[in-house]
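In structure tokens, the next block holds one chain alone, the form predicted on its own.
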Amino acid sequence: MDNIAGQKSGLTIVTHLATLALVILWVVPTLGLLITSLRDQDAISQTGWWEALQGSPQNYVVTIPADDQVQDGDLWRIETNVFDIDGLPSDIVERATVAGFGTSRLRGANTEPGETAEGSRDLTVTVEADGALVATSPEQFEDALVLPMSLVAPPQVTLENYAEVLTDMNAEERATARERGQSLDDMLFSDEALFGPFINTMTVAIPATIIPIVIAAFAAYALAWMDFPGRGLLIAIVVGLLVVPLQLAFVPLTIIHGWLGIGKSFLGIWLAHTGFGLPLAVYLLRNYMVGLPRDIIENAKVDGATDFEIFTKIVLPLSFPALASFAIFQFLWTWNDLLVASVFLPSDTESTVMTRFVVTNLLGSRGGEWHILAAAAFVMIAVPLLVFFAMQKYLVRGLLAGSVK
């Protein structure tokens, strides 16, 4: 009964389970990072991202004045609502409910809403979830009641983390800066803001992706369809360059950059990434182009088309899936690169890319501020995710090219 058409084999089920596991391994951390980046700092410190929809309890110490106490028989009584007391943040007062309370700051909010907590000298306190409070004592209240409260605020989505990491200023600091006449550009391109490194990373990644593709496309066509002496040797050299360690090329490249007067600059890192990416690009594109139907190329030559016309009008459009596949890999590599950027870019703040900024600035001085780190991390992966999802169909077609005749 095995190998009958229409029946799924056990290997198919294993493949689906493995794919599902990989999807979960990728989606869950990414989703957690996104949710964390949209939560406020207090909520992140109180609960995990998987509890974001439940709200996060936050602890406060509420001072209940004794001015409105009344005598009720043998007891003195205070009735009020904790959310009418001054001292709580306005956003908490409007949205929160009571999750717990107590009569001792040492023991904390250890009593559930609706229950009665007992304190010293026969003090009793009852607090409902909506904040209604009743306190009784056989003795007249001489001082205000100081009670620990645990208040749960509903989940709140905020973009303040992204604004803070892009400008290195919180809301109050931005308001103060605007009052002093500081423009938005000044805040975005300050030395400690992430927006400048974000632009620098775009400046590095886009040309470092386009330049090697353009050069490799011409070279691949020549190695695939043009006859000239030494073509086989050139192909062998390209294959050999694939195994050259990246670190081995740093010293000669920096010397050559010095001879050319390029030094450490954006032009230098564009050429470095071009050199590092060209062998793989030429190898992949040449293997793809050599598999194109020979009849199309020969018929075009018979009709009088030049090699440049064949390349631009026939080969290049047919090779778009392979070009897009390599573009995705090259863009992701240059976007996430730290090593080449550290060698071929100046160490000043005006040329810092995001990977270097996060390592040297955020992880060093703000390693405990998870709301900043989560927002910075999602800014770093947002553009690669957009590029990948926009071009994934071409990636699959490019990877499968040549596998089916």
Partner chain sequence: MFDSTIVSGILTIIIGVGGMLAYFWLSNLVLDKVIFPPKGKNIGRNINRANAVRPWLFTFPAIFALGLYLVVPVFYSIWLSVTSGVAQDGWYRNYEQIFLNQTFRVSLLNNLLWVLVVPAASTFFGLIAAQLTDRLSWGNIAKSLIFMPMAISFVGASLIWSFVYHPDMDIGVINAIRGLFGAEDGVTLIDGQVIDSFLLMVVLIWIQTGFAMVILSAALRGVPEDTVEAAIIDGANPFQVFFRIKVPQIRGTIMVVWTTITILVLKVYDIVAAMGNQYRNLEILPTQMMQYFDAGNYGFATAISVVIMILVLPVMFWNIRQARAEMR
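Just so it is clear, the model here is predicted, and its values are computed rather than measured. Residue numbers count along the first chain shown, from 1.
Quick note: we don't show the form predicted together with its partner chain, though the next part is all about it.
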Site check F189, A219 and T306: each within 4.5 Å of its partner chain in the predicted complex by heavy atom:
yes
Can you tell me if T126 lies within 4.5 angstroms of its partner chain in the predicted complex, counting non-hydrogen atoms only?
no
Is Y288 part of the interface with its partner chain in the predicted complex - any heavy atom within 4.5 Å?
no
Taking its partner chain as it sits in the predicted complex, is P346 near enough to touch it, meaning that at least one heavy atom pair lies within 4.5 angstroms?
no
Is it the case that V238, even though its partner is missing from this view, gets within 4.5 Å of its partner chain in the predicted complex, heavy atoms only?
yes
Contact with its partner chain in the predicted complex, heavy atom within 4.5 Å, among G261, P245, G181, G73 goes to P245
Going by heavy atoms, what in 111 to 150 lies within 4.5 angstroms of its partner chain in the predicted complex?
none
